[in-house]
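Presented as structure tokens, the chain that follows is alone, the form predicted on its own.
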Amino acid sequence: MISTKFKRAVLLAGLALGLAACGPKEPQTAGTPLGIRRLSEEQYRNVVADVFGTGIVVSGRFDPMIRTDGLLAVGAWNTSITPQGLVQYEEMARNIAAQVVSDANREVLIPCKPASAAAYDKVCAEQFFTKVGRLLYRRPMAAEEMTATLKITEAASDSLKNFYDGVGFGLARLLVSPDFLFVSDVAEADPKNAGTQRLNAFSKAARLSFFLWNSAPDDRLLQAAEKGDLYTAKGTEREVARMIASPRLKTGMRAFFSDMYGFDAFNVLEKDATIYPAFGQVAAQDAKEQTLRTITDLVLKQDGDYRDLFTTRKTYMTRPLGRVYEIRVTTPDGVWEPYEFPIESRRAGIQSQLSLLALNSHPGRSSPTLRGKAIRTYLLCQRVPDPPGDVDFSKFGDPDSPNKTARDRLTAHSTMPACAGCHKITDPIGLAMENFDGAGTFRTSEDGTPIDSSGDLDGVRYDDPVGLAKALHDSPAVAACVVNRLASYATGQPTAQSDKWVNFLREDFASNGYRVKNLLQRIATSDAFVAVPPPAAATSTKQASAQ
């Protein structure tokens, strides 16, 4: 039964869509080139959990994704599967299938019983694969696909004298199919506009679900595709309102912000345990979780101003985090509690939380340059060039240097012509975060010398991390950056600063109080989100990219 609270959320989302329709008119766009993207590890896990339940364990290693134009989601369009990766997929598929057909799960996950558990039953097998194949392939299985799957199931059932083992073989085949592992855009002729194309309804459903939920379409969204509702503005708006009102939106937005802020680096984060004994693996994972909770609470639950993420003092805390923050936390391990940093802490905004501080530091010390680069890259969408290959870093890391603070030592690099350009745009930001050591713990001095945390962000001067927080909040580049990244994340394609659609989204974002949920609605219901270039234009784009 659908709760009254959920119905109200859908109604409010629908109302927001109606109000948004009264805003500036969306410019026409040439459309997004069609492509094929590989499921990310998180998407793979989400789909398995959505289809078979969270009790199914996915174990194995995934090929790494390629970050392109600031996002792994964009790089997924150019990511293949290595031979080793295919072996891993095959092992995972067999393992997942064995769990699905096991004695513990078959009663729940297989919607029928065979005439005999020791023999093949076509009716029951077809019923199972019709349901599961539709969800895994994100469309109904074609007749030839069903026939091939049933042949494998029958042969395995007869050979093993076990219907369920046979179903397991058939299911494993689906889980290693390119139709499951890759999301393909499929275009069709647009009957309303001669000579043009449109995304077919199932491709549109997949694009919506992976954008908003980071998972495959649910049954209701597939039904909307089957009935043709997604070809109409009202049908699309209705489904988008439902999806944004769903608790699953939190999963989608956690995935987006993890990608935008480079949180995949947590997989390889290391800290020197002798220098930072409180910062272990549990604290590292809690640091990531803390920031994601802060974000989703503000931009989803409260539907607040996105820019407030960089000045908020409200967050959540655990005991492992408390040890690094040097805060007394009384709740048991593994339990989160709301927390607000006091004004005297000099912590304001997610950029002052352990996640971004520790992630963008060295194993044994802080790094104003890495932190400044992270702010430029992740929060402002600006590119910072890599350092020249012949840079002498000894001037910065020399423990016997008379320059005791990072500010003094960085002067050596900022005065070198080959380094000055980059350090000029990173260090004034990163030095404002030097009140936090390499693990993110607050400090007032370095090697006995008081820390000067003043700095500059594109001409805006500040005296400390709180001043940096306000400068970020007020910077037009911060709001523009999240619009750029969300547009790229949604379409899987890089977006140019001069793109008319992105400019329209930025103006709309500002006029609606910088609300992320409103921005999601605008993107998901826009024509540009699903527009397909004319065949000639698409061919020209492919030829240009190949040259």
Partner chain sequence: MDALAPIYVKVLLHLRLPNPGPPVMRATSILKLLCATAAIVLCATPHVGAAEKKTLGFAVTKWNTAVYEGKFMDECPEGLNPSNKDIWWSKLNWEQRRKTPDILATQRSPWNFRGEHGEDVCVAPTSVKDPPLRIVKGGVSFGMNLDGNTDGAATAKTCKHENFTGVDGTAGVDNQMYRLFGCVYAWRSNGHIEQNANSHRLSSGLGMILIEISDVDDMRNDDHVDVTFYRGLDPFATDSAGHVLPFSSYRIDMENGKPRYGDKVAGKIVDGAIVTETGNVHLPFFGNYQYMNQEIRDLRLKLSIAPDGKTAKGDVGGYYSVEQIYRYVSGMLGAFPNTTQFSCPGIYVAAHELADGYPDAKTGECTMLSSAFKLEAVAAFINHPEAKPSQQAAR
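Remember, it's a predicted structure, so these values are computed and weren't measured experimentally. Numbering follows the first chain given and starts at 1.
There is another form of the same protein, the form predicted in complex with the partner chain; it is not shown, and what comes next is about it.
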In the predicted bound form, the one of A477, A278, C112, V108 near the partner chain [non-hydrogen atom within 4.5 angstroms]: A278
Interface residue in the predicted bound form among G228, P247, P191, P450, criterion: non-hydrogen atom within 4.5 angstroms of the partner chain: P450
Candidate stretches 424 to 432, 289 to 297, 210 to 218, 437 to 445 - the one whose heavy atoms come within 4.5 Å of the partner chain in the predicted bound form: 437 to 445
Distance check, Y339 to the partner chain in the predicted bound form, heavy atom within 4.5 Å: yes
Partner proximity in the predicted bound form: D308 to the partner chain, non-hydrogen atom cutoff 4.5 Å: no
The partner chain contact at A471 in the predicted bound form, heavy atom, 4.5 Å: no
Contact test in the predicted bound form: G322 vs the partner chain, heavy atoms, 4.5 Å: yes
Sequence-ordered residues of 136 to 168 touching the partner chain in the predicted bound form, heavy atom within 4.5 Å: none
